[in-house]
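Next up is one chain by itself, shown in structure tokens, the form predicted on its own.
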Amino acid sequence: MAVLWIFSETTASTKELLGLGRELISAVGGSITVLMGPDGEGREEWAAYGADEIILLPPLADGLAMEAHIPVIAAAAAEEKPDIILLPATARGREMAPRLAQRLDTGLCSNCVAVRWSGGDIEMDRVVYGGAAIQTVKFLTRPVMATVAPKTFSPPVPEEGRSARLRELPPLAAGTVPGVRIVEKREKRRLARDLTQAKVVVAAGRGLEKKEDLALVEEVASLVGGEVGCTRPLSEELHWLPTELCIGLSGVSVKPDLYIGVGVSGQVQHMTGVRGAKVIAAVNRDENAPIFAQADLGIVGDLYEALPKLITALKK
């Protein structure tokens, strides 16, 4: 029997971690606990998705960020000794997880892409060397802690009628309030849609000769009901597209049903971001382009000849 805790600040990542949690608990038995904000909003939904217990974190004073909950979570974990603690590999998760692990004197496996039982122990895989290799890690300490890459696991199928125990953690103890306070919040202006939610992604690579040629990629994406993404040179160096559309190690990770790389060579830094795609298709005139080693479907040819033909076929 195992006790698994989940902490996440977003609905999407909580559902994904519950999907992983249910896989792990179903193998050995046990329970899943979700730690969430003090308002408890949506707790019925978490029960349906697999939570057996919900712990409400104490309210925070004005000016305190979610990181102020670390001492409270650490104190509860030290007393109750969960076997596994999972957080998402988001900006906040990457900030909180190592600080929590340090307080609990345990290890942390960051940016995991696979988690499984192995002979009674938890074994994890994570991407290393810029996506060039997969490292397997086995824990010798408890609790097992990991941050899990977004879009790695699918949410579980909700079960109506499930219920979860509810309790609250005590407020922050005197002297534990961090010395960092929020003085201002500004909404980040998005210049593009959220690629992580797209079912089809058509990515433009350095094989395009000029910015105006993006119209071909955009038309293909429109015809297949997809969104346009790109490799790092197009967003960071040429500035043809917003940085939110950059896919890869230094950009976003996507998990579409279909990914189409147009003029994309397939360097590991980019392909790391499409590792979860169900089907990968590619158009590249270089038959030795690395992307063909991972593609399910490929066209070896000039994209300026292939795309117009593809557009004509799609319109039919």
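Residue numbers run from 1 along the displayed sequence. What you see is a predicted model; the values in this text were computed from it and never measured. In this text, the rigid core denotes the largest set of C-alpha atoms whose superposition between the two forms falls within 1.5 Å.
Quick note: we don't show the form predicted together with a small molecule, though the next part is all about it.
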item	value
is_contact(Cys246, the small molecule) in the predicted complex, heavy atom dist at most 4.5 Å	yes
Any non-hydrogen atom of Gly225 within 4.5 angstroms of the small molecule in the predicted complex	no
Partner contact for Lys151 in the predicted complex: the small molecule, 4.5 angstroms, heavy atom	no
Heavy atom of Asn284 within 4.5 Å of the small molecule in the predicted complex	yes
The unique member of Gly107, Gly131, Pro71, Gly207 whose heavy atoms fall within 4.5 Å of the small molecule in the predicted complex	Gly207
Stretch in contact, per heavy atom within 4.5 angstroms of the small molecule in the predicted complex, of 259-267, 46-54, 63-71, 22-30	259-267
Yes/no, Glu287 Cα shift of 2 Å or more between this form and the one not shown with rigid core fixed	yes
Flag for Glu23, CA shift 2 Å or larger between this form and the one not shown after aligning core	no
Large Cα move at Asp213 between this form and the one not shown, threshold 2 Å, rigid core	yes
